[in-house]
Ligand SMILES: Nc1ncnc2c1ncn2[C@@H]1O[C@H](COP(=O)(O)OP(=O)(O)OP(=O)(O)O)[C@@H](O)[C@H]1O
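Here we start with a single chain on its own, the form predicted alone, put down as structure tokens.
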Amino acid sequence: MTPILEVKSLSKTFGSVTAAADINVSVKVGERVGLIGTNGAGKTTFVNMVTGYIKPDRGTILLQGRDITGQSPRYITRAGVCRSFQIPQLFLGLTAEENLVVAIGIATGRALAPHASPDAPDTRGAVEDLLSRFRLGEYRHRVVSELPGGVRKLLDIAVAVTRKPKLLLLDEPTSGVASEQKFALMDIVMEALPDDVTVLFVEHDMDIVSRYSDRVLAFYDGRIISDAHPSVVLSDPQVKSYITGAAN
């Protein structure tokens, strides 16, 4: 089967800083892949290149065999790659439901107004489905600026899912979320996504990485220094030395 994502010899520098150095990765359909590394290791640059926010200097990015290298974020989103952000990108003055209505309107090309009725054809069902899957029903009429951080994260991911992605990239989905809520949040996210949706997520919490990853890519100095099952990566001496700080 053709990989959902294949990256070949991907490289990127910013002046004298090497953010990506000859990265080669192949990801299967439906994999849950954790991306780890210290700040500046190259994780976010990798995500930004895959999603089109940064153009690589060299290399190739294939989505199900289709070359998307250097294409715009809009083009790549339409091809089936969506993302959430470390800081949720939401309309703070709108309710959770209204954010979903706007997102669905954009995804379907109808460009619905923020206060458009969600009873429009196809919209009501989509809104109700997302509110249910992401456990947001009780917050539907709450203005986003009043929502807890974890709920905003869930809503931001739900907004990304309105485009029915093949590949979903999550940038630190549990950052800013209370420690006692992080597992519940990730349970909701992973249960809400169909099995054939591939997920790559940047994460600094190794408990989250261990529990929710089928595989881990460990970044250091613009390179992938380990690529394997979480138990293998987190026991790797280089990962312990450069990333987790765990004693050997």
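All values derive from a computational prediction rather than experimental measurement. Residue numbers here begin at 1 and follow the sequence given.
Form predicted together with this ligand: not shown, discussed below.
> Every residue in F14, T44 and E172 with a non-hydrogen atom within 4.5 Å of this ligand in the predicted complex?
Replying inline: All three within 4.5 Å in the predicted complex.
> Closest heavy atom of I224 to this ligand in the predicted complex, within 4.5 Å or not?
Replying inline: Judged by the heavy-atom cut-off of 4.5 Å, I224 is well away from this ligand in the predicted complex.
>> So, T38 and this ligand: in the predicted complex, are they within 4.5 Å at any heavy atom pair?
In response: Taking the distances in the predicted complex, the answer for T38 is yes, it comes within 4.5 Å of this ligand.
>> At 4.5 Å between heavy atoms, is S145 in contact with this ligand in the predicted complex?
In response: Result no; S145 lies far from this ligand in the predicted complex.
> With the partner left out of view, is T108 within 4.5 angstroms of this ligand in the predicted complex by any non-hydrogen atom?
Replying inline: Residue-level check for T108: no, no contact with this ligand.
> Heavy atoms within 4.5 Å of this ligand in the predicted complex: which of the stretches 188-196, 44-52, 24-32, 58-66 has them?
Replying inline: Careful reading of the contacts points to 44-52.
> Can you tell me which residues in 50-75 come within 4.5 angstroms of this ligand in the predicted complex, by heavy atoms?
Replying inline: Stretch hits: zero.
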